[in-house]
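In the form predicted on its own, a lone chain appears below as structure tokens.
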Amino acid sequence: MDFATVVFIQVMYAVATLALISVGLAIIFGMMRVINFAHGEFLMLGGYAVVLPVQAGVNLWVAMLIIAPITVGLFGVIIERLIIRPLYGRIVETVLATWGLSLLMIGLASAWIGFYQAGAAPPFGSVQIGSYREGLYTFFVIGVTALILAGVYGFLRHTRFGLIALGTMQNPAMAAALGVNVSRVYAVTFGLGAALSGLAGAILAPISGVLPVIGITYIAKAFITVISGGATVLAGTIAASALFGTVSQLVTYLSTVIIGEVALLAVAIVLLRLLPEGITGRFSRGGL
């Protein structure tokens, strides 16, 4: 019974982690149809936005919940204005530009900070579950992921800007005709996605640590999750995270971490073969 409880907690953690690293990409790719190959580096930047201030004496929670999302969000707005905006509708050019940005960010981080793993000690302690111990920070990640997803849903569904953003992404010409500043909506939406990515990187930094190439470990899973989720931004991401996280973690317990990763990719291939439009693609388009 204790082992089953620990396995359940780890499965929930795997699901939460996938959803956490994917929600920012779900906003940028799912809503804006921008293929951001620098998404992993946004997560990396969020991690450093926690680690470096904490090493300088800043409170962990201030760095994690305030400095990281604001820093990466503002960086995202700048990137949207300088790089992404001239390339809307040009998929190949956007892929190449964001890929180049990814390589640039990795190079700058390696040169400035150094190619070594930095981290901040996870807060809280651990709890005894029978003969096993589980870190309380695991429960924090699960809980804060649920709050983030609920907050994003509430913001996009129940605020004026959220509704304007959804309408603008579906029909920018009509939004512009109604007096909406489309460029501003795109910039803020991209900044929101970047801020969520930075927050995700900040939350995971105490567990995974940060180094310049850590984004590579995130981006493939994030894209697989968002694409497999299908047309709806949040519901699809949550559904894909639940499926892939559960499969990966259970296979990991039965074999090894590597086999668990392979199982995730295998399930994604089968899923997209059976449902080319993703889990929610057949049932909804343009929703949440």
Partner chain sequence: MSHPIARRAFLNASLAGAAAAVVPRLSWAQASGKIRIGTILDLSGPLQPFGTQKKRCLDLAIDELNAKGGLLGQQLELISYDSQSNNQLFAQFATQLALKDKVSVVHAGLQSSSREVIRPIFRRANMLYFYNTPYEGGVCDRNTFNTGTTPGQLLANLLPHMIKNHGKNIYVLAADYNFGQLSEKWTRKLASDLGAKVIASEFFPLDVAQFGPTINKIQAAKPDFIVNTFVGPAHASFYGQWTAAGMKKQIPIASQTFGEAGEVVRMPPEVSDGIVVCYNYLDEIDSPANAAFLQRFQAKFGNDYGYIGDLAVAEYQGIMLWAEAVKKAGKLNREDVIKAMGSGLAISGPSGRVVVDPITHHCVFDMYLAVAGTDKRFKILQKFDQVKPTNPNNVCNLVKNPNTNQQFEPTKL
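All values reported here derive from a predicted model rather than from experimental measurement. Numbering follows the first chain given and starts at 1.
Below, we refer to the form predicted in complex with the partner chain, which is not included among the displayed structures.
- Contact annotation for residue 200: none of its heavy atoms lies within 4.5 Å of the partner chain in the model of the complex.
- Remark: residue 258 counts among the residues lining the partner chain in the model of the complex, judged by a heavy atom distance of 4.5 Å or less.
- Contact annotation for residue 208: at least one heavy atom lies within 4.5 Å of the partner chain in the model of the complex.
- Residue contact with the partner chain in the model of the complex: residue 90 places a heavy atom within 4.5 Å of it.
- Note on the interface: of 230 to 238, 66 to 74, 244 to 252, 26 to 34, the segment with non-hydrogen atoms within 4.5 angstroms of the partner chain in the model of the complex is 244 to 252.
- The candidate site formed by 10, 134 and 216 is fully in contact with the partner chain in the model of the complex, as each residue has a non-hydrogen atom within 4.5 angstroms of it.
- Here is the short version: of 159, 181, 110, 170, the single residue with a heavy atom within 4.5 Å of the partner chain in the model of the complex is 110.
- Contact with the partner chain in the model of the complex, judged by any heavy atom within 4.5 Å, is made by just one of 106, 164, 149, 187: 106.
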